[in-house]
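Before any questions on how it binds or moves, here is one chain, the form predicted alone, in C-alpha cells.
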C-alpha cells in the first residue's frame, strides 16, 4: 500500500474536565474511503475538525505527505486547506444562488469563467440540482442544501474530503445517491474520503475501512468486523446470533440486541480444517487480499464477511490465492459486544 497522505500522531484534545479525544495514530491513504463510526459524543466531529485544521489539538501533530503541518509555516497550512475540504453536518450556504454557492471555491482559486461554468454545471447535474441552479440557496430544503454543500465541496476536487454525518438530513433515497456519488468520485479521482456516521449499515456499506470511536478513542484503526445481532443464552452458554444468520459462541455477559465485534487479529486462518480449541470454526472463500504495512489484509466470505490480518511471513507460507477455500477459527473471548 502506498504511503499515506495524512497521518495524525499522538493526537490529544480535552474539553474542560470531561471529554478527552486521544488518537495514537491515524493514517489515511489515497483512493480509500474511511467511516468514523460511533455514538453521538464519541469524538467523531472533533476528530474531523482536527483533520481539517479547524481545531488545533493540544498535543500531537498532523503530517501531510510525511511533513508536519503547523502554525509556524502558514504557507504549508494554506496548502493543506486547499487539499483538504470539510463538509459539516449543518451546511452553511451563502445568500446567493445555488450556482454561485457551488462556484464560490472555484472563484476563490481563480478558475477561468468558461471552465468554472462547465465544472459547476456538471457537478450540479451529478447531485441532481441542475434545475435549481438559479434558485436562492436559502430556499432549498434540508436535503437539497446538503447536496448543494456536497457539490460545493466536490467541485474543487480536493485530495481529501471530510464529511460529518453527510446523510443525516436527507431521506433514504437521497442518502444512497450521496453514497454513490462519493464512491464514484473516490474511484475516478483517487480521492480520500472520511465520513463520520452513527449508522452501522452505512459505515460498512460505503467504507473500505471502518474506524470505531468510543469515548474519544479509536478502538481499532483499520478494517473491523462488526455485525448486528443478539446475545442469547443457550444450553452451552451465551451465543451471538448475528442478523446474517451465523451463530457464534461468546463469553460476553451482555444479553439482548448488540453490535458484535471481532478483531481481525484474533481470527486464525488455515488452508484446511484442523483440530482447534476455538469455540467457533467457519469455512469460507478468500475473496480479496491486500498489503497493509507489515501485514496482509484478507477478506473471507464465510456466511458473513470477515476481515483477517495475517503477518506477511505467515501469509507467504500459506500459499493462498484469491478464490481458495479457507477455514477460520475464532475463540469465544474474541467475540465481543460494542
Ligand code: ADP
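Numbering follows the first chain given and starts at 1. Computed from a prediction, not measured in an experiment: that's the story for all the values here.
In what follows, reference is made to the form predicted together with this ligand, a form of this protein that is not presented.
**Q** Within 4.5 Å of this ligand in the predicted complex, do 15, 40 and 46 each have at least one heavy atom?
**A** Affirmative, all three are within 4.5 Å.
**Q** So which stretch, 282 to 290, 307 to 315, 32 to 40, 66 to 74, is the one near this ligand in the predicted complex (non-hydrogen atoms, 4.5 Å)?
**A** In short, 32 to 40.
**Q** Could you confirm whether residue 327 comes within 4.5 Å of this ligand in the predicted complex, counting heavy atoms only?
**A** Contact with this ligand, no.
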